[in-house]
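Listed next as structure tokens is one chain, alone, in the form predicted on its own.
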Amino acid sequence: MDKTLLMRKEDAYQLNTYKKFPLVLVKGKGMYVSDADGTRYLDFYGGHAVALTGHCHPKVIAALKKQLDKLLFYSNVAYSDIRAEAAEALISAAPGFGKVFFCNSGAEANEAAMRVAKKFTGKKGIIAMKGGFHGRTTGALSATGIGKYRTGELLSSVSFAEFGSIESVKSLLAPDTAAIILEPIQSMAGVNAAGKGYYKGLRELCDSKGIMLIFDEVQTGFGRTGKMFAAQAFGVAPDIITLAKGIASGVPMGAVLLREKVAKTIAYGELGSTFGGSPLACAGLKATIEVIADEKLVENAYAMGMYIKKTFSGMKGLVRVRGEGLLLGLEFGHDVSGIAAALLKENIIVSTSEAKNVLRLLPPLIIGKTHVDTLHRAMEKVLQDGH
């Protein structure tokens, strides 16, 4: 397999909007992915937090193959056995939520969530957070608080508060405020989290003003923070939770979880998605939920997150480890792009962030201590080399 030829071919035909690793990935298993040249990489990036159950988990692959042999696709115009089972499994894993709307991505889920909030409240205003990222479609991008992504025609009904500051949110409240939307942990901004009092304060504020609270759990959901949902980790019950990324272990899928009181206000035809809740995606979702439960991956995410914090404590140049569970940011006192590049040469994939001094770790939830130890040794070597 000619790696260079494949890279040139992709560059020739795909729109040049992605800055890519110099890899042609052709295979994955567990915590590892393999390049076209045969090199194997330890994956602490997970395809941007997507490989929750690891690459090509055998139970997930078996479920997908079984579904492929039965029915590849039919839309929501008809009922589906696997969609019914997947929806039941998801709602059962999400205490307090009564209904789910299936779609294809996090951006689509966030668009739908904001529309639902506006319908429920009869208002139009949205308060989002500086540093938040919610997707690249017009509505989702309008609620994204990272400047470099805010291009094109955006909605004027969104205002931005300082993440972590209740007073900042209060200063933006208006009679027309319909919802507050936030990532409970801001991943792309550098893995920013606030104290539990902040999230509880948002809940109390929303209750007192008749405002919907939306948690974008596209990256924090499904066990990554050491709880099934970050809302549980912070002791808060949002009105709406949005999901995507790894919920079907790599098959494209998004979902919006709604409380019954909110779901009752949505009528036929007000939301829709041709491929949302496809049989294949639902097979992936159901299998993913089963693997997470059977292999106790939520508990493992918590334990491994604590192990990473303990193992990396005192590392040269490391200021602190941000985040919860397996959504972590290694904060250094300098630019970390050189560290990421050097780790790639050590056959380890990590992620940078919008905070130039923060490396992100978004590994599969199947990670073990040996993988953490491998990363630690490689990072010590890289830092000793002056990166």
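Heads up: residue numbers just count along the shown sequence, starting at 1. Because the structure is predicted, anything quoted here is derived from the model rather than measured.
The next section is about a form of this same protein that is not shown, the form predicted together with a small molecule.
Proximity of Ala107 to the small molecule in the predicted complex falls within the 4.5 Å heavy atom cutoff. Among residues of the shown chain, His48 is one whose heavy atoms approach the small molecule to within 4.5 Å in the predicted complex. Contact annotation: Phe229 falls outside 4.5 Å of the small molecule in the predicted complex, judged by heavy atom distances. For the chain shown alone, Leu285 is not a contact residue for the small molecule in the predicted complex, no non-hydrogen atom being within 4.5 angstroms.
Listed stretches are 155 to 163, 95 to 103, 231 to 239, 211 to 219; the contact stretch with the small molecule in the predicted complex is 211 to 219, by a heavy atom cutoff of 4.5 Å.
Residue in contact with the small molecule in the predicted complex (any heavy atom within 4.5 Å), chosen from Gly135, Gly250, Gly276, Gly305: Gly135.
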